[in-house]
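One chain follows as structure tokens, the form predicted alone.
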């Protein structure tokens, strides 16, 4: 994989370009993709943004989101665009498998593949150019760096600012996580100096849900949360019946894993949700507990040191028991 900097002189040459992201994109994945979209079209690129799956309604406000194709819902149109691609930007994922049913199509493409991502263990052999930097707070921060370092900071308009800021806020927990280094605050200050109305972005991300989500969260915290004080750990198990009862949609469970972190002394929080095809895990940690290593070892997952995800094909009760056994095995790190 060649350095992404080698592409900088080529940015001004218009190309047919596809931008894609991981399945079920969050604020960082969608924000990075749309920020790059708004940047490249200023050079005359023909750009199509494709999500492997549907996405949460609370990112629909992002400028340009109404143009994004859902590969699963509009496969024919998406594949026509992919077939014409000269450049393929892959944002916020580092292995093609994170694109779900798009994986085979992406692997077949003969175009130039470009990686921009901040997760561990990238499959660099699958990409022609790119950058993988786990020290970055978010892929949105990396898109900001690309724009600035390529010498085109003058092209950061309000659309780009809102998309970048949204992804940074989402992946840093509103600047709470250790990943919010000085460079992140300087980024925010720069976007503010360019006219960004940051309160609008916060409201769009966090004050944009229906009543049923709040009642769902209350139900889950009251009835589905177990606290293992001897391991400084919280486990939340969400059965399918709860998702149906409260009419939970894509994105409605976002942030659920963060609530138990407010309990004094808790070092690890895990949420497992019973989806149709598998059980999805989310992990958050404090201190020196490595969520990424834990998720990779026990739940076919990974991510960052303090935030990771995983999956299981086992029934909800079985994978939950496996988690309890896993924290017992990691007792020394959790105490």
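Residue numbers count along the first chain shown, from 1. Just so it is clear, the structure is predicted and the values come from calculations on it, not from any experiment.
Just so you know, the form predicted in complex with guanosine-5'-monophosphate exists too; it's not on screen, but the next bit is about it.
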property	result
4.5 Å heavy atom contact, residue 308 to guanosine-5'-monophosphate in the model of the complex	yes
Partner proximity in the model of the complex: residue 119 to guanosine-5'-monophosphate, non-hydrogen atom cutoff 4.5 Å	yes
guanosine-5'-monophosphate contact at residue 282 in the model of the complex, heavy atom, 4.5 Å	yes
guanosine-5'-monophosphate contact in the model of the complex: residue 99, any heavy atom under 4.5 Å	no
Interface stretch in the model of the complex with guanosine-5'-monophosphate - options 48-56, 64-72, 34-42, 293-301, non-hydrogen atom within 4.5 Å	293-301
Contact residue in the model of the complex, chosen from 232, 179, 94, 161 - any heavy atom within 4.5 Å of guanosine-5'-monophosphate	94
Stretch 12-31 - residues with a heavy atom within 4.5 Å of guanosine-5'-monophosphate in the model of the complex	22
